[in-house]
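Let's start with one chain on its own, the form predicted on its own, as structure tokens.
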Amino acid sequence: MLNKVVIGNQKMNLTASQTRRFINAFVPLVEHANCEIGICVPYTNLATCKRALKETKIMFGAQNVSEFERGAYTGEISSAMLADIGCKMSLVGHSERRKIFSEQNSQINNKIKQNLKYNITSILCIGESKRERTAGTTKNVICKQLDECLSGLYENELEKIIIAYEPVWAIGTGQTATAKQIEEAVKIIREEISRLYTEIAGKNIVVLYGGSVKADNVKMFAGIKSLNGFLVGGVSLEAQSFSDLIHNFIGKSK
């Protein structure tokens, strides 16, 4: 059985006090859930998460990290800083970072390597735009992102990598990929990891789907056997909705 994983990306929304209230409401709803759960929050909320989640199994992480280890990079936050506060994971390469802040695969690769130095799991976001899917280049886009973002990594380091397939056209749009589209994309990911490393690596890599996932549609995707779980956006801002999604996933998946 594949590990079941659900991670919330709360983006630039909740303040520290709002995050504390969210956690207080959320934890009792999922404390017995047979699933790995995490939330990625703004930097200013990490300390709150560390305190509020101390006695729980829920992980917390950052939404980004610097590609540099230290130095004159005003406004940047390093992997060392995240590790020091107890942060165990970080998003890298989210489509909003790629599109709005023009992040390149080479930068994302550097971020992953920085995270590895400090034992932080990188949640690598990849996915095609609507134009790329329409043009039939989805496989090329996914493989290029994987090849360049994972360049120079050894197979054993994949234990600290989670792949999040997030088609750009389905993020925050209300549109969702079909189960068939997701299954095809996950197959591409696992085959490419197998090509870059080994079949065992392709089988064991943790793969999530993200893109307008909600409690009422997660059941459609939970039966995809090659999928480990989900990276959730807007729904992760509200404790009851997020917990409903998690329980619907656990109840449906096999």
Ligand code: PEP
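Note that this is a predicted model, so its numbers are computed, not measured. We number the residues from 1 along the sequence you see.
The following text describes the form predicted together with the named molecule, which does not appear among the structures shown.
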| query | finding |
| --- | --- |
| Heavy atom contact within 4.5 Å of the named molecule in the predicted complex, the stretch among 137 to 145, 89 to 97, 153 to 161, 177 to 185 | 89 to 97 |
| Partner contact for T19 in the predicted complex: the named molecule, 4.5 angstroms, heavy atom | no |
| is_contact(V213, the named molecule) in the predicted complex, heavy atom dist at most 4.5 Å | yes |
| 4.5 Å heavy atom contact, L124 to the named molecule in the predicted complex | no |
| L82: touches the named molecule in the predicted complex, heavy atom cutoff 4.5 angstroms | no |
| Any residue of 212 to 237 that, in the predicted complex, places a heavy atom within 4.5 Å of the named molecule | S212, V213, L231, V232, G233, G234 |
